[in-house]
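Only one chain is shown below, in structure tokens, and it's the form predicted alone.
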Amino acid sequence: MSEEKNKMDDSLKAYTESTEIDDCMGKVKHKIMVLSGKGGVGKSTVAANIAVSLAMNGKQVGLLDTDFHGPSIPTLLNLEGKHPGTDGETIMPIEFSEGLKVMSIGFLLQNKDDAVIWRGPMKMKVIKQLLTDVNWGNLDYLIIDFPPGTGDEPLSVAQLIPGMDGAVIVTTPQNLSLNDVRKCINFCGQLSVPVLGVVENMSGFVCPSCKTVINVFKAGGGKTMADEMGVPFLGSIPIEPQIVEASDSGKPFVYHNGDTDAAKAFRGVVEPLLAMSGKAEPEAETVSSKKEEKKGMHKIAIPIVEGHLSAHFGHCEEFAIFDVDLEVKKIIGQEKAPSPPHEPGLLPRWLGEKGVNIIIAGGMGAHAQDLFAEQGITVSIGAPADDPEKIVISYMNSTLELGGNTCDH
């Protein structure tokens, strides 16, 4: 009789907890997990800036940090030492700003250096409490930040919250990270959690002086992997010193550094999430970027082989990509990017995603020129096999001599 009663008590407890979660999460329109297969990829930084970006777009946002062993969100948002209040029945999340509520296990520790030593069942219990006992209220989005890997925390949340909108998966470009991210994507598939897209973080170092991009951890691996796995690619976020400074000082990067390339990349990541609510609102920075374009800001791509312009764009080893101001005829910055596989239609899309709007080549087939035109990229063909920088300078000064199309297939 006692065993039967215990089973009934367990069933009642499970039903009650499930009802509480449904009631609480029913007030949240969109629930999004931020995952990474590997540590050190900047996942929490991405999660925090996604949450802040959504709030900047007028959305009501909650940010839940479930990384019990290394909670980073309090540091990233300068909330260390804060402790949540209570209304007598529920825990009140910390109000970071208008439109953004935050909860982290870091707020519940007496000392930020205390180690949390919990096994799976304890983690599951605390996660239930964070979902049911925290007074999130009505939210447009709940962004949930997880520790690296596919362990107890993401598994618990995926099982506790039915109808999860999906996961944003963060990687860095090198194979060491990409291999673990593939496992993360398969994890989502097994739990029927849609993959909203992959973000390639630390995609290249932006020199603070000359703005040249150096691909410290390679480049393009996240996009290639996403294509292979059949999931969306949300964008590449470069390494910028301001991100490190903002993270250490607890100042949201996207708010305080809105004009940087990295902040623009974050906005690209957030656009599909805003589209969930049926209203992806243009930000002031979008207007700003249009003004920059009118002022003469462009990206010029040069296909190169052995340091010189390639006779045919599709057979090049890499691309030299220059940020230029055509109005003042000045090179603002430049980078080199390894050419992706030579597949039909891939290069125009790839260069379009990088923001290129001018390509200067030796030769190009008519069909390829049409594909570039569809991406809004202007094509100049018949350029000499010369030094890329010299070609760009000649182009800006209208002294570049173009010959015939060296290849038309």
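No experiment lies behind these values; they were computed from the predicted model shown. Numbering starts at 1 and runs along the sequence shown.
As for the form predicted together with adenosine-5'-diphosphate (ADP), it is not shown, yet the points below apply to it.
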query	finding
Gly221 within 4.5 Å of adenosine-5'-diphosphate (ADP) in the predicted complex, heavy atoms	no
Ile239, heavy atom within 4.5 angstroms of adenosine-5'-diphosphate (ADP) in the predicted complex	yes
Any non-hydrogen atom of Ile243 within 4.5 angstroms of adenosine-5'-diphosphate (ADP) in the predicted complex	yes
In the predicted complex, Ser104 touching adenosine-5'-diphosphate (ADP) (heavy atom, 4.5 Å)	no
Partner-contacting position among Gly26, Pro341, Gly376, Gly40 - heavy atom within 4.5 Å of adenosine-5'-diphosphate (ADP) in the predicted complex	Gly40
Interface residue in the predicted complex among Thr132, Gln334, Thr260, Ser247, criterion: non-hydrogen atom within 4.5 angstroms of adenosine-5'-diphosphate (ADP)	Ser247
Among 56 to 64, 380 to 388, 43 to 51, 361 to 369, the region lying within 4.5 Å of adenosine-5'-diphosphate (ADP) in the predicted complex by heavy atom distance	43 to 51
